[in-house]
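One chain comes next, on its own, written as structure tokens: the form predicted alone.
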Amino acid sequence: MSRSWTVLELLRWTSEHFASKGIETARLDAECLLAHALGTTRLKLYVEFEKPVLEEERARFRELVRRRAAERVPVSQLLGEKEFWSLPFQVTPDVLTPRPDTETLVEAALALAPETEAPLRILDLGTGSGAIALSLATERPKAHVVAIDTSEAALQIAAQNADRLRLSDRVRFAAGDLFEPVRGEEFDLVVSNPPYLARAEAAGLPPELAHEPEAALFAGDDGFAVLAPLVDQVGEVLAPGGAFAVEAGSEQVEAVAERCRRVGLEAVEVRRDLARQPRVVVARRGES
């Protein structure tokens, strides 16, 4: 790259390069990485197509392109950030990158817990980056949220996101397995996006997932190692009339819904994600 390159030329070359490597979002990834390397926004790229890119800027960009194409590092990790629920979240290899489909879980949770004058007690199990907990805290200003994760490293990222969003006064983070950190407490709403992939699925997954924490993805041989005890025990921390919303794989949702019924939860329903795939199970504990 000894000759002069414009913004548009770099975008075209990089998009073709990414596409040749099997990256489905080639143009989007190229735009995000170039904007990051230039310290600007994707929108500004479009009004600066003919602007020459300096050598030091190209050097930064080349390294990002190499890591994306050769190592298949997710764009979110290269940028250090991912937007979720229109909020910015810091992401690292210690946390699962928030997925758009998981916004279905947030929508379902909000529908289960309409805003009222009464304080709302929310529990987020397996919080990761804190995306779900902090999105709910943003939407429900009177809520107090407890966010649990088994990973101390993930909780550090989640706490930093809470500070950044000025929500630290209403969100408490706790390390532990399942409901152990909150035994004896009751919540009006419990939400979770637990690991639910079966170990046998690993070989067929996109290479980008190799850069994300295994513990946040895989749950035993059948994918139910966390889902099963989660459903079985959630009634112990739900207040009377309290609501439960959990994300699962599209082929697991019906089994999760049936398990909810077996443990005595009521009003069990399935919600579909943006691709119209079954994704979230919602339920309630009875009033007594």
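Just count from 1 along the sequence shown to find any residue number. In this text, all values refer to a predicted model and were calculated from it rather than measured experimentally.
From this point on, the text means the form predicted together with a small molecule, which you will not see here.
Participant: Find the only residue in A108, V73, L120, A216 having a heavy atom within 4.5 Å of the small molecule in the predicted complex.
Facilitator: None of the other options qualify; the answer is A216.
Participant: If the cut-off is 4.5 angstroms on heavy atoms, which of these, T150, Q90, T138, S168, is the one near the small molecule in the predicted complex?
Facilitator: Only one option qualifies, and that one is T150.
Participant: For D177, is any heavy atom within 4.5 Å of the small molecule in the predicted complex, or not?
Facilitator: Answer yes; at least one heavy atom of D177 falls within 4.5 Å of the small molecule in the predicted complex.
Participant: Would you classify V226 as touching the small molecule in the predicted complex, given a 4.5 Å non-hydrogen atom cut-off?
Facilitator: Heavy-atom contact with the small molecule at 4.5 Å: present for V226.
Participant: When the contact criterion is heavy atoms within 4.5 Å, does V145 count as touching the small molecule in the predicted complex?
Facilitator: Taking the distances in the predicted complex, the answer for V145 is no, it never comes within 4.5 Å of the small molecule.
Participant: Residue-level contact is defined here as any heavy atom of the residue lying within 4.5 Å of the small molecule in the predicted complex; does T104 satisfy this criterion?
Facilitator: Although the small molecule is absent here, T104 would stay clear of it in the predicted complex, with no heavy atoms inside 4.5 Å.
Participant: With the partner removed from view, which of 75-83, 94-102, 201-209, 109-117 is the stretch that lies within 4.5 Å of the small molecule in the predicted complex, judged by heavy atom distances?
Facilitator: Partner-contacting stretch among the options: 94-102.
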